[in-house]
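This document starts with one chain, in the form predicted alone, laid out as C-alpha cells.
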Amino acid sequence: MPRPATLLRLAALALLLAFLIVPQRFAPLFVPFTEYGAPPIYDQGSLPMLALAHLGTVFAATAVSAIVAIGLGILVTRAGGAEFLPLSRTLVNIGQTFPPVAVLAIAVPLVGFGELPTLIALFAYGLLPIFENTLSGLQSCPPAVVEAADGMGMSPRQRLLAVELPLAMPLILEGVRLSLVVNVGTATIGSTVAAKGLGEVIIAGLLSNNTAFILQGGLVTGLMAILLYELMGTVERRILRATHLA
C-alpha cells in the first residue's frame, strides 16, 4: 500500500495537472477573489504552455549553474587552483549579493528583453548553493580514502572521478536540488522583461487588480516547486543507490 507521503505527492500532482488542463472547472473557487465581473480564471494565454516555458527556463539556468559551479568547486580543491578560492567565492556570491531584479536591470540593456536576461539572473542566483555544496563535499572526503587511492596508483584524474566525486555526490545533488527549487519561484520575475512564464499570470493580476490571477500564478508556482523538490529527492536516492552510496 502506498505511504501517506506518496499519496499526498500524487494528489498534489493530480491537482496541478487538472488545474492546468481544465482550469475552468476551478472557476467557482476563484470567483470570491474577483470584482466587477472580472474573469476568475486567467484567460490571456495558455496555462500549460506558460508552465512549460517557466520550467524550461529554470532547468536551463540550473544546468548551466551546475556545470560552472561544480567545475569551479573542482578547480579550487586541486593543488594548482586553491589560490583561486577567494575569487571564486566572490564570483558565486554576486548572484546572492545582488537580487535577481537588479541583475535583470543590468542585463536588459546589454542583451535586450526576453528569456536571456532571465536566464542570466537565474544562473547567477543558482551558483552559490551548488558551489558551496561541491566544495564541502570534496573537502570532506576522508584523507585515508584519498591516500588509499594514491597508494593504488591512481592518477589525480582517476582519483577525482572514481573516489572524490562519488563521495561528494550527495552534497552536490542537494545543492543542485536547492538551486532548482529556489529558481522556480525566482523565475516569476522574468515576466517583467517579457520572458514567458507563470509570472505573466501574477503580473496580469496585479495590473488588473484581480486577486484570483495572483493566487493562480502563486499556487501553480508553489505546487511545481514542492513537486520538483520531492522529485529531485527521489532522483538523488536512486542515483546514490545506483552508485552504492546509499
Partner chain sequence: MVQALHARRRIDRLGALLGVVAMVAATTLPFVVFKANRIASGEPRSLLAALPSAPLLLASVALLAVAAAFVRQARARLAAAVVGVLTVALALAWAADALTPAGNRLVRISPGAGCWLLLLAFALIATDALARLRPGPLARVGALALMAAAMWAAFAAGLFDQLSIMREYAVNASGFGRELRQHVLLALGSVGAATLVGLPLGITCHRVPRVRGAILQVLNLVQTIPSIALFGILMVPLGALATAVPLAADLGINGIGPAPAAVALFLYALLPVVANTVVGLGRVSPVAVDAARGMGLTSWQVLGEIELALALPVIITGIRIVLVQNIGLVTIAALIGGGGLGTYVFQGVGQTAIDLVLLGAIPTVALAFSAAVLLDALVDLTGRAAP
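Quantities reported herein were computed from a predicted structural model and do not represent experimental measurements. Numbering follows the first chain given and starts at 1.
Omitted from view is the form predicted together with its partner chain, to which the following refers.
S.K.: Within a 4.5 Å heavy atom cut-off, is Ile94 in contact with its partner chain in the predicted complex?
M.R.: The answer is yes: Ile94 has a heavy atom within 4.5 Å of its partner chain.
S.K.: Even though the partner isn't displayed, in the predicted complex is Ala195 close enough to its partner chain, meaning a heavy atom within 4.5 Å?
M.R.: Because no heavy atom of Ala195 falls inside 4.5 Å of its partner chain in the predicted complex, the answer is no.
S.K.: Test of understanding: in the predicted complex, would Pro99 fall inside 4.5 Å of its partner chain by heavy atoms?
M.R.: Yes, contact at 4.5 Å.
S.K.: Do Thr90 and its partner chain come within 4.5 Å of each other in the predicted complex, heavy atoms counted?
M.R.: Heavy-atom contact with its partner chain at 4.5 Å: present for Thr90.
S.K.: Looking at 60-68, 23-31, 200-208, 39-47, which stretch has residues with any non-hydrogen atom within 4.5 Å of its partner chain in the predicted complex?
M.R.: Selected range: 200-208.
S.K.: Can you pick out, from Pro156, Pro142, Gly151, Gly80, the residue that has a heavy atom within 4.5 Å of its partner chain in the predicted complex?
M.R.: Only one listed residue qualifies here, and that residue is Gly80.
S.K.: Can you tell me which residues in 213-235 come within 4.5 angstroms of its partner chain in the predicted complex, by heavy atoms?
M.R.: Those in contact are Ile214, Leu215, Gly218, Thr221, Gly222, Ala225, Ile226.
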